[in-house]
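Take a look at this single chain, the form predicted alone, given in structure tokens.
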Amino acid sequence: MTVRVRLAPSPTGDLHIGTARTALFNWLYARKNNGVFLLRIEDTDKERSKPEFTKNILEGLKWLGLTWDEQPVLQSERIAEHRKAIVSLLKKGLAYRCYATEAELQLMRDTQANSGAAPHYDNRHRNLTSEEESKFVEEGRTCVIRFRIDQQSTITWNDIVRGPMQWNSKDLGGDIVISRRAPANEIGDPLYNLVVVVDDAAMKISHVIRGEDHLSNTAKQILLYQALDLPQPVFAHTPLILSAEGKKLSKRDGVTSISDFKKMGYTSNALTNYMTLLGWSPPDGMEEKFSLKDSSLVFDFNRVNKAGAKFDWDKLNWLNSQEIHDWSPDKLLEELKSIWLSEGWISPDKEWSLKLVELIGPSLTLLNDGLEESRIFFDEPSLQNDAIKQLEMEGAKEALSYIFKKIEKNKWNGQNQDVAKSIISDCAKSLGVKKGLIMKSLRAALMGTLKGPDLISSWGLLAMQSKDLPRLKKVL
């Protein structure tokens, strides 16, 4: 059997990390089994589906490296097939028209809530006579179409993550709606549980891999597969991504879309690496830092956990920092250039730029950290309190004046770091002050603070831009 899996997102919002993790598990399973990864855009919610969300989903998947193997399917283009399936269920007597009004249904829900009963449809129009139905039509009532569910049956399947599963049909909330409200002689817009079954069968999906929040949908869909005489796929229900408190992740927990992770400065490799670890354990001997290709060679559902996976920002940040630190200076420069340009910063030349990324690269956790780490080399910094205090110390200005005169005389171009070290040593000997005072004062003058990257390397980069170091002159 050829493995054929799919991601079926609704374009009602940006690609969220939960959907992306589902895409990743599908993609990994397909690659591990020489299968096919497909994409279906479930855009039948006309009011909420937006082209910009479809674009965001496609771009996010591409950025993550989760490319699909066939042309994406637009669910809205298959409405005719969905309606054919509903007609077949009506003809078999497995579906029926329900004329209950919204007011009647709300009264039913209120009565159930007041009595403490679980919310469910009471199947009141399941067995209407032709006379009763004609009366409703004459009244001008619209209707939904419901699928009959035997209240005494048990639905079972073998889930490749969770093992043998069993669901009592009486817990499914009564006969389910499979098309929206429409005039009695029409079929309204087909709904999720019906269309996903029809489309998965048409796409020859072998394995449906999705979150555990779909478990009750799976039970309903199995009944629809049987009623429509369609082959039933294998199901895998992955654990949910949870907040640090163990609750289902939501945007209130600071969770963002994949495009927002990208904007924050996360790398695609680190994000797919981390998402793989959200619910999957690598085999013994495999390090936690790995590539998409690495995980695609060993991924299977035997190592997918049943329990929810807690989102850990520290772990993601560590993986991201390791990814950045493994990059060559050329690759890091390519990534940082766009960040610099967004600030209007233009580097003098590639040699200078490579020296800068080599200097700041080891301290980066996010790519966006390169913005603040680079700022002092493009914009003249204002003096922070720690720098002001340092420059007010006895001997600080005298030491800087000595260094400035040496720079003016030697016209140091920043290339030979031994020259800078020699100037500092000569200053200490000539003025009889400690090197620590000199270096702290020089850092304060050049960087505006006592914190920052290596002083000698930073001094060299600034000297390559301007040999007379106007920042140093300014504090004097």
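Residue numbers run from 1 along the displayed sequence. Keep in mind the model is a prediction, meaning the values are calculated, not measured.
What follows is about the form predicted in complex with a small molecule, which we do not show.
Identify, from the list 220, 146, 82, 210, the residue with a heavy atom within 4.5 Å of the small molecule in the predicted complex. None of the other options qualify; the answer is 210.
Which pick from 196, 155, 278, 249 sits with a heavy atom within 4.5 Å of the small molecule in the predicted complex? Checking each option against the small molecule in the predicted complex, the one that comes within 4.5 Å is 196.
Stretch in contact in the predicted complex with the small molecule, which is absent here, among 146-154, 288-296, 302-310, 210-218 (heavy atoms within 4.5 Å): Partner-contacting stretch among the options: 210-218.
Please determine whether residue 9 contacts the small molecule in the predicted complex, using a 4.5 Å cut-off between heavy atoms. So residue 9 counts as contacting the small molecule.
Report whether the minimum heavy atom distance between residue 42 and the small molecule in the predicted complex is within 4.5 Å. Flag for residue 42 set to yes.
In the predicted complex, does residue 192 have a heavy atom within 4.5 Å of the small molecule? Judged by the heavy-atom cut-off of 4.5 Å, residue 192 is in contact with the small molecule in the predicted complex.
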